[in-house]
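Read the single chain below, which is given as structure tokens and is the form predicted alone.
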């Protein structure tokens, strides 16, 4: 059975991978000339890579880790020391660490918090425990109920003060969804904390040994094509064409460089495009359906990723860092953390610039200038005096609409992978699954879509050949 999938990001490629494993023949259609979607990467004229984001993998990502294992590329994950490292703005150039000992969870997390005396006083540690421990003990059902609150509101309900929020959770919120605690749903941070703290290595991070496009996406393409599937770049979706009964007739692909448009037909169809794109591509007859109307409650959040190449080493830390600055959320010296980007003499710093809503339309020069001001606090020894670090080059990557903006109330707008249209499915981290807008969420969504397709085929094979309506009640396939 042939399945056409629009979008070659992690969701689309993982969906195609699991469909080939089940004996289907997918054709993945990507509008751009590069794989990866929100994890895409490119090489510049010097052969250096730059990416859409700072992509790190966590120990609490079971589906991603299983995917690496199935593809035989587990050795491409470079696991770092199990610690969380924060800059201290009040002490420029210094760091505060939360080191996780080799103990069962959540004991290792508790010890990491108790041992830290740089960022948290004992009274603040008690405040933090008052908030986090009940949330962990009451489980995911309680966490799900907090989607009506911002994380700032939830913290205040727990009696957690502003100092703890400013010290830890602004950086955490921006790293998870690129917005501040007073915007992000409490559900997001509490879900992450539950998954990270209740697994021994849940918060441990790994970096890929190279670019996501080459080191993760290409192996999925190889897996797909080796089993009869196809992945086509430069194949932008122009229109979803319908049959008279409202089902999908085909994906019309826009011809480039004077070529004619091409209609791709299949037995089943999947949109693995970002939510903002699928909203624009919805055929008019579908726009009246409540299932698709709910998508209007979701929109992507703007993100800026900035890469800076310097003439010297600014840090030897081989890990993810939380900057705690006004504009920069997380960063890493990729010349330390990534094998392919390694350089013993020079740093390549990669920063997530967030929140980006007020900056996405500004020039690259303005963004660079603001970033360099922040660097004076992060690395004062290299940007003060006469012998200052020299910026060799830089690259700014803007994503006007990235993962869905997880503000309070968004959960009710997230769709299942199964739609009311009998031969059309959705994949993407915005669809309903427990890992929200993340790489794990994207991979899991694609896996769930493939499972929904195979489950439906199994049901049809067992049932008698009765006529069915094109519009079916939507069911939620998001069970991991």
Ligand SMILES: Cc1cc2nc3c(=O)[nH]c(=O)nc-3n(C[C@H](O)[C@H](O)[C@H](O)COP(=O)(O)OP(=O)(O)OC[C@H]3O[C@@H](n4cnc5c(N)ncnc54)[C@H](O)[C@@H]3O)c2cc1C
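Numbering follows the first chain given and starts at 1. Computed from a predicted structure; not experimentally measured.
There is also a form predicted together with the named molecule; it is not shown, and the following applies to it.
Non-hydrogen atoms within 4.5 angstroms of the named molecule in the model of the complex: do 6, 52 and 438 all have one? Looking in the model of the complex, the three residues 6, 52 and 438 all sit within 4.5 Å of the named molecule (heavy atoms).
Select from the listed residues 444, 453, 38, 421 the one whose heavy atoms reach within 4.5 Å of the named molecule in the model of the complex. Residue within 4.5 Å of the partner: 38.
Report the residue, out of 432, 56, 27, 60, that has at least one non-hydrogen atom within 4.5 angstroms of the named molecule in the model of the complex. Among 432, 56, 27, 60, a heavy atom within 4.5 Å of the named molecule in the model of the complex occurs only for 56.
Heavy atoms within 4.5 Å of the named molecule in the model of the complex: which of the stretches 234-242, 362-370, 334-342, 149-157 has them? In the other structure, the partner sits against 234-242.
Please tell me whether any heavy atom belonging to residue 43 falls inside 4.5 Å of a heavy atom of the named molecule, as the geometry stands in the model of the complex. Looking in the model of the complex, residue contacts with the named molecule do not include residue 43, since no heavy atom lies within 4.5 Å.
How about residue 181: is it within 4.5 Å of the named molecule in the model of the complex, going by heavy atoms? Contact with the named molecule, no.
Is there a heavy atom of residue 172 lying 4.5 Å or less from a heavy atom of the named molecule in the model of the complex? No, no contact at 4.5 Å.
Report yes if any heavy atom of residue 212 sits within 4.5 Å of a heavy atom of the named molecule in the model of the complex; otherwise report no. It does not: once the named molecule is placed as it appears in the model of the complex, residue 212 has no heavy atom within 4.5 Å of it.
Which of the residues spanning 265-299 lie within 4.5 Å of the named molecule in the model of the complex, based on heavy atoms? 272, 273, 274, 277, 281, in sequence order.
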